[in-house]
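Below you will find one chain, with nothing else, as C-alpha cells; this is the form predicted alone, and questions on how it binds or moves follow later.
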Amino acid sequence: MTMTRRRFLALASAPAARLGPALAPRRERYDVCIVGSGAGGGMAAYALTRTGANVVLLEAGPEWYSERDSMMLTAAADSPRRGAATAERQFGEFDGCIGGWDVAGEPYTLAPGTEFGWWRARMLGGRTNHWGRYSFRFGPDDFRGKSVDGLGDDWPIGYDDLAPYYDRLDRFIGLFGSNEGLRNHPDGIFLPPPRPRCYELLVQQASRRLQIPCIANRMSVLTRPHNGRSACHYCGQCNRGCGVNANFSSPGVFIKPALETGRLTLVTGAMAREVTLDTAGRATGISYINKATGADEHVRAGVVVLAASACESARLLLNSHSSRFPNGLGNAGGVVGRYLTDTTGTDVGGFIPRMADHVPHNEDGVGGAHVYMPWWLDNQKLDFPRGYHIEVWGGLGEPSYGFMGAIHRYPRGGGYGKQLKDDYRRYYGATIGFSGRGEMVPNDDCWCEIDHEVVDRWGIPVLRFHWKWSDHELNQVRHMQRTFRSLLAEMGGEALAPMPTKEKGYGIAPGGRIIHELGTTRMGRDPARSVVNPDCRVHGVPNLFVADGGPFVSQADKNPTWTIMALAWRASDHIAEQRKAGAL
C-alpha cells in the first residue's frame, strides 16, 4: 500500500465524520431497556427504534466505532510489540475487540476439575467486534435434534419460523456465499463470493478427491456496495474492525442507524446489576453501576430485554432474586444456567512442500477463508452424534509477532543469520490448516451458578462454572483430527504436530474457548424445563425478554450469530406487536 492509513480512511470512510450522532435526552422512563449492544442487543435496538419505541441501551464498555477507532492498515512493524497480544486485546495488539477470558476486576470461579474460560467483550458492539463473520443459518434438523437421534431436546419453533428473519438479515446486512441446495445447510440471499485463493484451490482439489464438499464460504462481508455501505477492499484485516464498515459489526450496522432515529439513548460504562420488579412481578427497569463514578443508578422502562451474552444474562436473572422469586427470575424449574454448551473445536496445521518457494502472487481477500466445508456424513455410520464444519486457514498474511509459529518445526528450519532468513522466505505461505467447529449435545455436567462467596469489583456476585465433555464430543474431535490429517496428506503435506492422544482429549479445546456459549436460558413451553417461551419472554415475568445466545436449545454445527440476530428480530417484532396491542 502506498497510501497511508489516515489518508485511506479519510477517503474511504466519509461516514466516519458523521459518527457520534447526538444522543437522545435521558428520560424518566423508557419504552424499552436493552442490556448489551452486541448481536442480539444491537439487533433489538435497531428493530425497536424503527417501530417508534424510545429505547435505552446499557453497555458495560466504552463507545467504539470501527470507522473511527479501527487500527486497520497499521503495519505490525510500526509497533515495538509487532502486534503481540495485550491484556485488553488477547487476540493481538490491533484486534478490534476489547476483552478476553480474563477481565480485570471481573473474576469467575471454577468447580474442582473444571477447565473453562469465559470470554467477555467490554465495548460497544460486544462480540460482534471479534467474531469471524461466518454467517450460517441453522438447518431444519438443527431445531429437532431429539426427534432425529433421541438426544437433547427439540426447539419449540422450527426453521420455517426463523426463515423470514434470516431473509431479512441477508437483505439488510449482506453476506456472500453460493447456493448449493444442501438439505440441512439452507441457502440464502447472497452477494457474489470472492474467488478462492491459491492455497484454497489446493484444498478444494484435495477435498474433491476425498469426497468432502468444499464450497464458497458464507460471511457477512460485502463484496458489493450494499445499503449505503462500501464494498470490501480486500485488505484481509477484518479482525481489526473495518474502517469502511464493509464487514458486519453491531455499532456500524445497528447502533448508528438506531441513534439516527433520535429514539435511542446509549449509556456506556453501565455494569448491570439486576432486573428490578414492581409488586405485581413486572419488570420496572435495570439497576446498574456507573463505572465512571461507582454510583448505583437505575433506569426505568416498560419492557426489559437482556442481551448481555448467554452467561451474563443468566447471571443477571440469578442475581435478581426476591421473596417473590427466591431463586432468581425465570428459574422456577431451576433451569437458569443449565444446558450450557460451547462449540467443539480443534485445529491442525501442516507444511505443504508444494507451497514452498512459491511464485509471488496476489492473495488479497477478506479476513478469513473464501471456502469452507459443511458437515457431509451420515451419523448412523459414526460413533458420535451431530456434526461439524471445517474452517480453512493459510496463505500469505501480514507477518507479525508469532509469525509462522516455531520455524524449527519445518524441515531444516531454524538456525540464525542468512539461513534463518532464507528459511522464513522459503516457508512463508507454505502452511495450510483446518479448524473444526462442531455441535455439542447439552449434558448435566455443564452449567453455571452464582458463587455467593465471590463478588466482582462492583460488588456483584460472580458466576461459578462446571464443565465436562462427554464421549460424544471427544469422538467427534478425534474424527476432526483424522480428517484434517487426511486432507494434509492428500495435498502431499505433513502435520506440524502429532495426533493428540485420548488422554489429551484428542486436542479438544477447553469449554468456552470457541466463544460460542449458548443455552443457559433455554427456550421451551414448560416453565419447569425452560426459562423463556418461544417468543423469548421469561416465564413468570410478562415484560422481560432474553435476546442473546441463552435461549438456544441446541448448538448445531453452525456458528450461532446469524441465529441470535434472527431470534432477536423475531422477539422485537413480538414486543412491538404487544406494545401496539397495549399488552406491554
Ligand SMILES: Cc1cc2nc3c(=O)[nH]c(=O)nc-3n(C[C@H](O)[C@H](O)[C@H](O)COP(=O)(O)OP(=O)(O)OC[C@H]3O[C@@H](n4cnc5c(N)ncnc54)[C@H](O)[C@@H]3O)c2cc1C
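Residues carry their position along the shown sequence, with the first being 1. Note that the coordinates shown come from a computational prediction; the quantities given were computed from them, not determined experimentally.
Just so it is clear, the following notes concern the form predicted together with the ligand, a form of the same protein that is not shown.
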property: Interface stretch in the model of the complex with the ligand - options 60-68, 519-527, 45-53, 534-542, non-hydrogen atom within 4.5 Å; result: 60-68
property: Any non-hydrogen atom of N559 within 4.5 angstroms of the ligand in the model of the complex; result: yes
property: R133: touches the ligand in the model of the complex, heavy atom cutoff 4.5 angstroms; result: yes
property: is_contact(R127, the ligand) in the model of the complex, heavy atom dist at most 4.5 Å; result: yes
property: Contact label in the model of the complex: V303 to the ligand, heavy atom within 4.5 Å; result: no
property: Sole residue of V275, M271, L191, C446 within 4.5 Å of the ligand in the model of the complex, by heavy atom; result: M271
property: Heavy atom within 4.5 Å of the ligand in the model of the complex - the one residue of T344, T341, S249, S309 that qualifies; result: S309
property: Stretch 35-73: residues contacting the ligand in the model of the complex, 4.5 Å heavy atom cut-off; result: V35, G36, S37, G38, A39, G40, G41, L58, E59, A60, G61
